[in-house]
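Here we start with a single chain on its own, the form predicted on its own, put down as structure tokens.
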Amino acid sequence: MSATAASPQAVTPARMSLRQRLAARGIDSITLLVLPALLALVGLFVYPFIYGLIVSFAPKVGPFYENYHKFFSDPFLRSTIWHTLALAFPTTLLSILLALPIAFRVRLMRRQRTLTTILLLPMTLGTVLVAQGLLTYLGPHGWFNRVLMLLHISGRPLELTNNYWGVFASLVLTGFPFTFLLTLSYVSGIDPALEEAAATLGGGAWNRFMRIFLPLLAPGLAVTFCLSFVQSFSVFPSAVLLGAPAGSTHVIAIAAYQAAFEQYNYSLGSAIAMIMGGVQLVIVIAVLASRQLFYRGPVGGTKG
């Protein structure tokens, strides 16, 4: 009887359909919805990356590493890394420093959605339109210089375009809304009861921020920094329209474009793009690793 009773249980798995067997392994119709996103990821990122990496090791002349040797041995090309970092780091830090106090204030306001919408407007304008507007506003005959001279603050127009500061202003204007939106989501996710408890124990505003908010915000701010940094590091239109493409704002994206589409050296352009991605990856890994110095608790909960 025991053998007869056990036989249906042994036969049942063999009679299961393919759909049932896949569902037992966690693969069902809902899981298959990930396939379009996976195909898009492979088609838009994985394949271009692998193709670009292969092309970068196929120079026109010389050994397979010739493109990388040419980049790092040429001071003009090598300096593009520092020019880009000199723009990306300060603009990202300034955006976060501006976003933090504004986010703390906005989270307590009744008309939070209205103010948030106003602050996000520069994001909808686009980089090129913002650059064109700054050329008119910050130019030698723009409104900003006119006001300074009218108030006798400056005797001559300030040089705020076609140099480093024009690109800096453009990156802050276009990057701040994105940074602010991310920062606001993390700040709003912190339980107000924590701050109230610290206040009842005599903690001042600065102590509450340093001992409660900053440790809880550190992981979120690290992610915000990384996303904002990558956005600023890939600067191209602003560096051309508002900066000095042959001088202080000769960023690495411009070098890659010139190699590929002006010199028609696609192999060198791919190598520069790979170096650009490698620098970003190193910075992102370093920032994400450093967040463990502030907070080692769970990701969820009061951090949002």
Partner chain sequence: MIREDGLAGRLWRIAIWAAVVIFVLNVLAVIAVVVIDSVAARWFGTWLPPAFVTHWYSDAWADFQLSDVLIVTFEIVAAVVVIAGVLGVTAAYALARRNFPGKQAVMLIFLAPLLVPPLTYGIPLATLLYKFGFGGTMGGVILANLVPTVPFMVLVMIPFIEQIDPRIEAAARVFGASTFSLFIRVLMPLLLPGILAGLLLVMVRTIAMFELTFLTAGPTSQTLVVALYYAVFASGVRAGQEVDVMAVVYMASTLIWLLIALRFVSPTQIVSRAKQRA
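Residue numbers count along the first chain shown, from 1. If you're wondering where the values come from, they're calculated on a predicted model, not measured in any experiment.
Only in words, not in the display: the form predicted together with its partner chain, which the text now covers.
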Would you check whether its partner chain, in the model of the complex, lies within 4.5 angstroms of a non-hydrogen atom from each of 85, 160 and 214? no
Which of 127 to 135, 85 to 93, 69 to 77, 160 to 168 lies within 4.5 Å of its partner chain in the model of the complex, heavy atoms considered? The stretch 127 to 135
Using a 4.5 angstroms cut-off on non-hydrogen atoms, would residue 65 count as touching its partner chain in the model of the complex? no
Taking the shortest heavy atom distance, is residue 219 within 4.5 Å of its partner chain in the model of the complex? no
Looking at the partner-bound form in the model of the complex, is residue 38 within 4.5 Å of its partner chain by any heavy atom? yes
Is there a heavy atom of residue 153 no more than 4.5 Å from a heavy atom of its partner chain in the model of the complex? no
Heavy atoms within 4.5 Å of its partner chain in the model of the complex is the criterion; list the residues of 267 to 286 that meet it. 269, 270, 273, 274, 276, 277, 280
